[in-house]
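In the form predicted on its own, a lone chain appears below as structure tokens.
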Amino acid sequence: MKLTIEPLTPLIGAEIKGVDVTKINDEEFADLFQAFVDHSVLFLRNQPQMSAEQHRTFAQRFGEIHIHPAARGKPAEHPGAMKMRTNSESKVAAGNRWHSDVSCDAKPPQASILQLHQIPPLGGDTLFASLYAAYDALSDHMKVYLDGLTALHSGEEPFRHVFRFEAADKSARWPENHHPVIRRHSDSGRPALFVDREFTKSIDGLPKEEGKALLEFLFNHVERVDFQCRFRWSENAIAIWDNRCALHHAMWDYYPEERSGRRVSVVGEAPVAWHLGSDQIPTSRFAAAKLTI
């Protein structure tokens, strides 16, 4: 059966049919990756429940496995395979605030691949928002103002104080890095407004109050409903999202029911600034490889 792509909205999201991720071949993956670049987030239903090693093997097609800061330096049977579980005993729910996964890293994740094995009878949807659309919708004056700005992304508050993760080195600080506010996507060449409410803490080089006001505007802007798609999960469905150009928000509206599964993420590149006047658009490395298959 040929892989088919059904867009969810004009801006973001597509459902993929006709492929089993545990048996995907190189040509099918080239098509899947191009859809990932084109639509920012992909949804695949009716998939087999992957083992941790199958999940890692599939993720490695996208690149090197990303190890979450909370797991670094700790022994693990399947490095990078993160159990995701929220139930009646949870104090906080992972993903219950708009974010790009671990954007505080020097090389934040490129792809995140989540499969849910248990879903609540109602609720538990995940929302995704396009950072391409967020940039495109800015006024020309705001685009000029943001051009060249960088921002501090910090894991200190969410990891130490919200989730209370314990690192292997308890004396070390959680990752903090400065990234361009307008980021150039390395596969599409498009500009994306790279800020998120979870990790972006301040704008570099601006007075504190001015930077705070600007960030609040940008957070509200990137979270606009007209930039979004919404996924209603089914058992063993898979979502694959591009952290370079999409935010996500996992709704915690199913208490006291349980929602659980596993996520594996893939290392991305150090974010590079996109500047006004840039127009170079590269060809996806997987699309280019497909031409030689």
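Residue indices: 1-based, along the sequence shown. The shown structure was predicted, so the numbers you read here are calculated from the model rather than taken from an experiment.
Same protein, other form: the form predicted together with a small molecule, not shown, and the subject of what follows.
When the small molecule is considered in the model of the complex, only one residue from Ala94, Ala71, Ala137, Leu149 comes within 4.5 Å through any heavy atom, namely Ala94.
Exactly one listed residue, out of Leu32, Ala250, Met50, Ala59, brings a non-hydrogen atom to within 4.5 Å of the small molecule in the model of the complex: Ala250. Contact check at 4.5 Å (heavy atoms) against the small molecule in the model of the complex: all three of Met84, His99 and Arg263 pass.
Of the stretches 22-30, 36-44, 51-59, 241-249, only 241-249 has residues with a heavy atom within 4.5 Å of the small molecule in the model of the complex. Contact annotation: Leu114 falls within 4.5 Å of the small molecule in the model of the complex, judged by heavy atom distances. Though the partner is left out of this view, Thr126 does reach within 4.5 Å of the small molecule in the model of the complex, counting heavy atoms only.
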